[in-house]
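One chain comes next, on its own, written out as structure tokens in the form predicted on its own.
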């Protein structure tokens, strides 16, 4: 199966052909995938070299001219390194762009910590007005990329990963999807965490919601799920643990509730290893998730 990033260049190349407003800005990374599109649209496929601050600044400049820029590199070089440009050139100037990242939290362990960005969405949460998509399958990535480019002049972040669920679900770029219904808690699985969460909660009487668009946070679907399943909520996110706990707490602010945020821990792993070793070290494998989710829900029953 191809990866989300494998799907990225062909999809955006077609969008370049279809929509004269679309432009692509790159910083060397991903350039090979746009060679043909670059020949067809030399004025709308721009490579700025290894200059990430310029990458975002150039995208903002294109947006000021009325274009719809798609800006791409690894997440750490797209959100963290040029954060001032994201904040000012896009945010303060109130212009839109589609930022599309690769490498996610730890997709390329041998690249080292410079190529890991578990805190990308938490960092974007400090800014106003961002839509954030976290697809869990290449088909979903294609759908959400098209949503993002078509979203007027909105500021959109699309987080691609080599980690993937086995099958795609229908996604609409807005709402959570109910995958399983239960009566003893709600578990929200984000993007590529869905298959692992389903394995971890097999046989547990919980509702499982699937989120691929996490900002804006779908408070309405979460609240509806708690009507039957109760207000114990577990969030399982493939980035920094607790990134969406404030959003979940806000959604249930008028109700007694508990929220557990699971994800990538803050402790830095200095032996880079393999993806599977990072997953296990952060407690995001099925066995660890089952223990942590089960313990959280059992604590409610004991206290009750």
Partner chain sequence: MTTTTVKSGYGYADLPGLMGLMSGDEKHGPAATSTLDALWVLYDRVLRVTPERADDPERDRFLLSKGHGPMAYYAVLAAKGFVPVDWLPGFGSYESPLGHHPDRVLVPGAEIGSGSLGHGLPIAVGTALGLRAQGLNDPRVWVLVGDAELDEGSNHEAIAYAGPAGLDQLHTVVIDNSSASYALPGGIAARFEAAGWSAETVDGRDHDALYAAFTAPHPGRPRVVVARVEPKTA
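Everything numeric here is computed off the predicted structure, so don't read it as measured data. Residue numbers count along the first chain shown, from 1.
Beyond the structure shown, there is the form predicted together with the partner chain, which is absent from this document and is the topic of what follows.
- You can rule out all but one of 58-66, 255-263, 236-244, 29-37: in the predicted complex, only 58-66 has residues with a heavy atom within 4.5 Å of the partner chain.
- Residue contact check for residue 153: none of its heavy atoms lie within 4.5 Å of the partner chain in the predicted complex.
- The partner chain in the predicted complex is not approached by residue 276, whose heavy atoms all lie more than 4.5 angstroms from it.
- In the predicted complex, residue 268 stays away from the partner chain, with no heavy atom inside 4.5 Å.
- At a distance threshold of 4.5 angstroms between non-hydrogen atoms, residue 184 is out of contact with the partner chain in the predicted complex.
- The contact with the partner chain in the predicted complex, taken as any heavy atom within 4.5 Å, belongs to 92 out of 223, 175, 146, 92.
- Although the partner chain is not shown here, in the predicted complex the stretch 67-85 places heavy atoms of 67, 84, 85 within 4.5 Å of it, in sequence order.
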